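Next up is one chain by itself, shown in structure tokens, the form predicted alone.
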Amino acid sequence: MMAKHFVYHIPVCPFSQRLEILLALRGQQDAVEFRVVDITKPRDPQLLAKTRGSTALPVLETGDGSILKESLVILRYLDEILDGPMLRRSDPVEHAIESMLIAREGPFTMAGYLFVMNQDRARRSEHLDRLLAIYRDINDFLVDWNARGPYLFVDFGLAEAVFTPMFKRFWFLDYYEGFRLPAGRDYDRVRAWRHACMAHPSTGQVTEEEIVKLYYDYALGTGNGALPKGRSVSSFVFEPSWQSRPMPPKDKYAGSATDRELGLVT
């Protein structure tokens, strides 16, 4: 039996959701204990001692006390040690193909976060064009390797576990930037892939309402628990719960709503 592992994480973090998806797919949600970190408060000195001062999350602590960082590293590690068939492709060529797709995730994620955090309305089209170019590149890749889809291979796999949390976080672009994938063959294959990924039953750890509310501060150009100008409470606080708060204003370029308008104080 595998020794108990611990993951220190932010509950809504997309990098942590990758691990949750893997555990759900393998039916082993209890194999890892998730320990919640409140990013609106200073880090626990004991946690900082474990991570040697790093504040990046998630972090995995193995049963023997080893500390593993970087979500893709942790994801691959858990994939190897959990009981049952691995999520990654066993065929070397197929694993190389899924790795080539996974290599596109970094630029994709960066483009989406820079887009939502942009505060200059005049630069909106620049960010939109950058993100759409990456979508077209992924579309072409999927057409080359599996035109029929919906997944890269037959089933939901490692590449899907990597990208799906980002697809769901980009709900903040739908809400705050009115983002929609254009119609047409340049986007049809990646649209089908994105839809299949987000609809998979193992990926329901977060909701669109939750993402939109918690990531409001990102839409104002601040993240990781930092406070926008004129505000005293982060949108990432645990209380009041996001379920009890009203939907934030969609026009992020008009300035911040108040803590009270956001339901962050009573």
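Computed from a prediction, not measured in an experiment: that's the story for all the values here. Position 1 is the first residue in the sequence shown; the rest follow in order.
The protein also exists as the form predicted together with another copy of the chain; that form is not presented, and the subsequent description refers to it.
- Checked against another copy of the chain in the model of the complex, the residues Glu70, Asp38, Asp44, Glu209 give one hit for a heavy atom within 4.5 Å, which is Glu70.
- Proximity to another copy of the chain in the model of the complex, taken as a non-hydrogen atom within 4.5 angstroms, holds for one residue of Val154, Ala147, Ala96, Ala122, which is Ala96.
- Only one listed stretch (211-219, 232-240, 61-69, 194-202) carries heavy atoms within 4.5 Å of another copy of the chain in the model of the complex, and that stretch is 61-69.
- When contacts are defined as a non-hydrogen atom within 4.5 Å, none of Lys168, Leu173 and Phe179 contacts another copy of the chain in the model of the complex.
- Using a 4.5 Å cutoff between non-hydrogen atoms, Glu80 counts as a contact of another copy of the chain in the model of the complex.
- Put simply, Ala183 is far from another copy of the chain in the model of the complex: not one heavy atom of it is within 4.5 Å.
- Shown alone here, Arg88 lies within 4.5 Å of another copy of the chain in the model of the complex, counting heavy atoms only.
- In the model of the complex, at least one heavy atom of Asp140 sits within 4.5 Å of another copy of the chain.
- For the partner-free chain shown, just Arg52 of 33-57 comes within 4.5 angstroms of another copy of the chain in the model of the complex, judged by any non-hydrogen atom.
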